[in-house]
Each structure stands twice: as C-alpha cells, then as structure tokens.
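Only one chain is shown below, in structure tokens, and it's the form predicted alone.
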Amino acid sequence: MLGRRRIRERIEHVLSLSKADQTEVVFMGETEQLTRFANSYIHQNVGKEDVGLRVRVVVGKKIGIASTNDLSDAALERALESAMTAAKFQQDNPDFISLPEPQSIEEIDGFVESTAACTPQKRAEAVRSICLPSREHALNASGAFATRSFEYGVGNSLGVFVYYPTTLADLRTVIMSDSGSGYAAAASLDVEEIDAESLGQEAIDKALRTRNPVDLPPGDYAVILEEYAVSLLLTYLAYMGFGALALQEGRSFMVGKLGKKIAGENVSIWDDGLHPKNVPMPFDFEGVPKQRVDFITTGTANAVVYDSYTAGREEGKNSTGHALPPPNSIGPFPWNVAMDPGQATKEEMLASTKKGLWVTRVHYVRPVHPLKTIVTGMTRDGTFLIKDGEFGRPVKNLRFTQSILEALSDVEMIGHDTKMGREGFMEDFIGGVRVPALKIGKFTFTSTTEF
C-alpha cells in the first residue's frame, strides 16, 4: 500500500508536467493473496502486488490515453508523452465537454485491517474446514479463497483529487460427487464475516443431494432461483441496459421505456455505491461522487447511470458517478446493483410450489436479444424437481432461453434475506450485486444436458 500522500504526489507530478488543455490521472493499486484448492487439497498459495496509472489528456476536442505500471518519474513522463501523441492522431470528439470539476465526496471506511493482514495459515484453516468434511463424504472440494487490498486515486487539472483504500475477502467452492455438485460463495470487506465451515456444509449438502440426477423434458416451469442465480441474471440485465451510453446508442432495453412499466410492481432495482452491505466505493474513476440511481421502481423504468461524457451529451444531465477507468468503450456502468427484498423465506417459496424447479446457480449466460433482455445459459450445481411443496429428485442440468424482464414481470415471491454476489464479469469491479431469492411463475428451458 502506497498511501494517500505517495499516490497524490505521483498524480500531481504528471499533472504538473502536462501541456494539455485538461489532464486526468487514475491510480489503481492492488495486493492480492490467493489460496486455491482442488481434489480436497490446497495446491497453490500465491500473492501479487500491482499498480497501474492511466493518463488521459484533452487537447481541444481530441483525447489521448496511455497507461503504465512503473511509477518512476521517467515512466510517468513517457506515459504522458504517449497520451499526448495519441491525442494528436485522434479525430475531434464533438460531444466531449470537459473533465469534471471537484465535488464533495462522502467519507466512508471500507478498509478492514484483518482482511489486509490475513495470513496464508488463516486461509488454509478456512479451506481445511471445507476439504476435510468433503473427504469424509467421499466428495472432491475445489475453489479459491482470496483476500485483497485496493487503493484508488483520481486527480485532474481542474482540481480533483480523491483517494480511497478498501479490502475484499472472497471465498467460493464447488464440491463434486461422482454424478452431482454443489456450490457456495460469500464475499465481504471483512474476512471475519466469511463463514467457511457454513459455506462448505451448504455445498456438501447440495453435492450429496444432486447424486444420480434424472432427465427432465424442456419446457416452461415455475422456478425458485437462489440468490446466486439471481445475482448473475441481474448483472447481465445491468450490462444490457442500465448505462446511459447504451440508451443513447439505442441498444438498451430502456429505450422508449422510461416512465413505463417493464417489470412486476413488486420489483425495485437500484444502485448505491455507499450501501454498507455491498462493496462500497464513494467515487467513480473520474473522481465524481457516487449517487444512488433507481433503475426500476415498483416495476417502472426510471433511470440509468451516467459518467461526465454521457451526461454532456444530454441537456440537463449530470454524472451519477459511474465512470469506468479509461479507455472505456461500454460507457458508465453500475457495480453496486441491489434489488429490494420481500417477505418470504425460501422454505415458504418451496411449500407454495406444486410443481417446478429449484435452481441454485446459472452459468455460461450470454445475451441473445439485448433489447428484449433475452439471455441463454445453463443451470449448475444443484437443480431439483419440486413436487407438492417438497424437494423431489435432482435433475440433469437444463439450458434456458429467457427474457429477464419477462421473468421479473412474473415474480410471485421475493425472499426477505439477501446475499451479495460477484458472479460473471462483476468480478472485474469493486462491487457486487445484492439480491434476494425469487420465485418466478414461468421460466423457459429449451434443452437438456447429459449431466
């Protein structure tokens, strides 16, 4: 960890040398310790430290970007020179107005010393509490336990300087039998909140109950989606339409829908970078403070997120604090998405279902028709038939092809507990998706698998 003073000094060194009309410097530093396990044994313990500094210069309406992971004076000067050269050969961007001015940033404490200081021995003890019970049941446990420290700093020639250190602990495990598997995961700023033994038991239980799955024909089924499945589907929903650039370019499902009903009245989805139960970050990668944005409120499409560039393209809009690090082709993106919980327990969802499917997790999700929010993917690590309010036989995994918004328009019950997931490409961001479990009246499965 370099600390606020050292990072500010490096950023201001670049700013002091720049001859551009405007200059921005983004610093990102990470220290990661990772313990991997497979076949119920630890097979790797690794550590890494990395820093990155990105320079964005504005010359007239031309923009150039360069990066380096060398913080020496000479390397920073080369990065600045490269950014200036890149700007020289760019076309004017008529939509660019300005880098952001300084704004007040809310102070939050996201750095947990116990996470930053977590030792290989402590991670090994956590992994042991998963592997030993797995061996006792003749199961194979695999997964990874990571503890990370991050530092972010943003400064620009208009007077912006912000700094934020944070931590993250992330444990995931897949436990396999000869014909089934179970999954469990948890993430938190505080490593002490990761209950490895409980996660192991959750995955072991699924692995034992998924043995000898039966075939089930494709078709429309009522489903209970655990939080793991919901978090990945909401990640893809965010990707397909909660950003202003997608809206402006006509490729968002929100086009023409703002102010209109697009989901059930019991569905509200939002983003809040200061939410204490997610992975908070008080500003974005332009140094703009995070704002809460309500995407869908009681089923009605309400808003999308902006960075300074997309806000400048629309009259009366301001950045909501959702810029990604430059260079960035997808525009602003929400990485603290959450869904309002309901009142139901998963046991109540199960008891209320005469016939349906219980889905623990989904994977290999890909957009098919973003404007209709249709995605395809596979169930994984615990899919069960539900009959007369009780678990039936485990079933072989199924491929689904389903509109997410259609599913969210048919939500019959919402869990009162929530979990924070970092599924899919959400792993690339300091954030997560906090969601409840859902019972959905109809979900379309289009084909079967052999496992």
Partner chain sequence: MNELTNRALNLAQTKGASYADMRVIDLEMQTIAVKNGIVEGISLDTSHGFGIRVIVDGAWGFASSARVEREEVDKITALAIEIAKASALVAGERIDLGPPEVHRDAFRTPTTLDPFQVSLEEKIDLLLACDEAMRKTKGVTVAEGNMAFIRERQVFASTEGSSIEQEIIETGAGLEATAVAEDEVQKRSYPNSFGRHQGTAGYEFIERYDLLGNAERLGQEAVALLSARQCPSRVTTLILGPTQLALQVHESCGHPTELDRVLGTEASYAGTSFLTPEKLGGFRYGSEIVSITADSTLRGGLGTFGYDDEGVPAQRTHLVKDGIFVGYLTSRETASQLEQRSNGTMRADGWSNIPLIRMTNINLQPGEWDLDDLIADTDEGIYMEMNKSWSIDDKRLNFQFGTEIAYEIKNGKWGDLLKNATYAGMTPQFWASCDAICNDRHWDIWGTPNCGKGQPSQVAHVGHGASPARFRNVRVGVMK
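Numbering follows the first chain given and starts at 1. Remember, predicted model here, so these are calculated numbers, not experimental data.
Below: the form predicted in complex with the partner chain, not depicted.
Looking at 120-128, 351-359, 223-231, 317-325, the stretch with residues near the partner chain in the predicted complex, meaning non-hydrogen atoms within 4.5 angstroms, turns out to be 120-128. When the partner chain is considered in the predicted complex, Lys396 lies well away from it, no heavy atom lying within 4.5 Å.
The partner chain in the predicted complex comes within 4.5 Å of a heavy atom belonging to Leu245.
Taking non-hydrogen atoms only, Gly60 never approaches the partner chain to within 4.5 angstroms in the predicted complex. In the predicted complex, the partner chain lies within 4.5 Å of some heavy atom of Pro94. Among the residues Leu34, Met28, Leu385, Val411, the one placing a heavy atom within 4.5 Å of the partner chain in the predicted complex is Leu34. With the partner omitted here, the residue from His137, Lys372, Arg211, Lys277 that has a non-hydrogen atom within 4.5 angstroms of the partner chain in the predicted complex is Lys372. Contacts between stretch 385-417 and the partner chain, counted in the predicted complex as any heavy atom lying within 4.5 Å, involve Arg399, Thr401, Gln402, Ser403, Glu406, listed in sequence order.
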